[in-house]
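Listed next as structure tokens is one chain, alone, in the form predicted alone.
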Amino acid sequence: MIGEPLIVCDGVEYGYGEAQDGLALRGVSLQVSAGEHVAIIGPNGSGKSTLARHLNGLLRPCAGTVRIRGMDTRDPAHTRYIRQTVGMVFQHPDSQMVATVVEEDVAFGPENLGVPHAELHTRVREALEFVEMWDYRDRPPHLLSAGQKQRVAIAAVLAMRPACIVLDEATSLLDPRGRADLGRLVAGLRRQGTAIVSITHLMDEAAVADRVVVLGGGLVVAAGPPRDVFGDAERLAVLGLDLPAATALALRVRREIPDFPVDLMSVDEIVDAVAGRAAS
């Protein structure tokens, strides 16, 4: 269930250089509510990862504000709470691993928060069991597969008990099976009420979100439910973005059958549309 505002970005600007052309974000405003799944898409250089790093204070805006449960990320006094509230999972899980054993790596974050030992063990076990990695707790992380490392990275964030998890291209290095596994984990987190922000270049992943935000040139150029955003194929084509596979297939069918629906997001919806025509 989607709840109250959790993350609010208001007119966020951020630049890596002094010139105006150096702005990676140009007045970005968006909101993420508790329990919501928001997908952020856009071409390379559109500002997706820069925005992601603003959502838990890794970067701070040059202008505008980012507030997490009302707390301004520019105030250092709020940094610890903000990073506990919004966890980050990056494209390369190795960059997040700090210990030589899986269990110790997952314990690192909550231990630094001062979580008592008994609760710490409970948190670590629950997190590793959730991602189905408890049996690997004594393994060195560097011996795991890419998909297993990403699961451990997610467990390390889960052990912090965040209200939101930001996945910054977290599936880009995984094979199809690893992506499917991570997709099931995300669905499980949603059922538990955890908000998800997924930065992705995979349109099929974005299609399952509650809302899609499209960035282009550091600006929000479109936002709304996946059906609405992917329904504007021309706008996405201008940005060099693909459509979800089901939507692309529906458009191809539309060329032969003019009244075939094109706002389809999944294989099941394609099947239902075809079956409905056959039945009529």
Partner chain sequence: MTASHGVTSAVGARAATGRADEALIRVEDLWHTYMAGTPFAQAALRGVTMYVCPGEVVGVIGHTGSGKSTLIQYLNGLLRPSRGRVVVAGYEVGRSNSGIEAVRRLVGVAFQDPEDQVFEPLVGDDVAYGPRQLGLAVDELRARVRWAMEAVGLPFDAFKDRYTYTLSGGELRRTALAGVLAMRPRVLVLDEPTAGLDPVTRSDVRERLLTLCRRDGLTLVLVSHDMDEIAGLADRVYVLHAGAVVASGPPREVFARPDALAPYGLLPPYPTQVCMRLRARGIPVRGDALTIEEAGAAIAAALRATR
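C-alpha atoms forming the largest set that superposes within 1.5 Å between two forms make up the rigid core. Positions refer to the first chain, counted from 1. Bear in mind the structure is a predicted one, so any value in this text is a computation, not a measurement.
One more form of this protein exists, namely the form predicted together with the partner chain; it is left out here, but the text below deals with it.
In the model of the complex, the partner chain lies farther than 4.5 Å from every heavy atom of A163. The shortest heavy atom separation between S29 and the partner chain in the model of the complex exceeds 4.5 Å. In the model of the complex, G188 stays away from the partner chain, with no heavy atom inside 4.5 Å. Remark: D75 does not count among the residues lining the partner chain in the model of the complex, judged by a heavy atom distance of 4.5 Å or less. Checking L241, V214, V38, A52 for any heavy atom within 4.5 Å of the partner chain in the model of the complex turns up a single hit: L241. Contact annotation: of the candidates A246, I68, V220, V229, the single residue with a non-hydrogen atom within 4.5 angstroms of the partner chain in the model of the complex is A246. The partner is not shown here, but in the model of the complex the stretch 143 to 178 reaches within 4.5 angstroms of the partner chain through a heavy atom at L143, S145, A146, G147, Q148, R151, E169, S172, L173, L174, D175, P176, R177. Relative to the superposed rigid core, P93 undergoes a CA displacement of at least 2 Å between the shown form and the other one.
Once the cores line up, the CA of A180 ends up less than 2 angstroms apart between the shown form and the other one.
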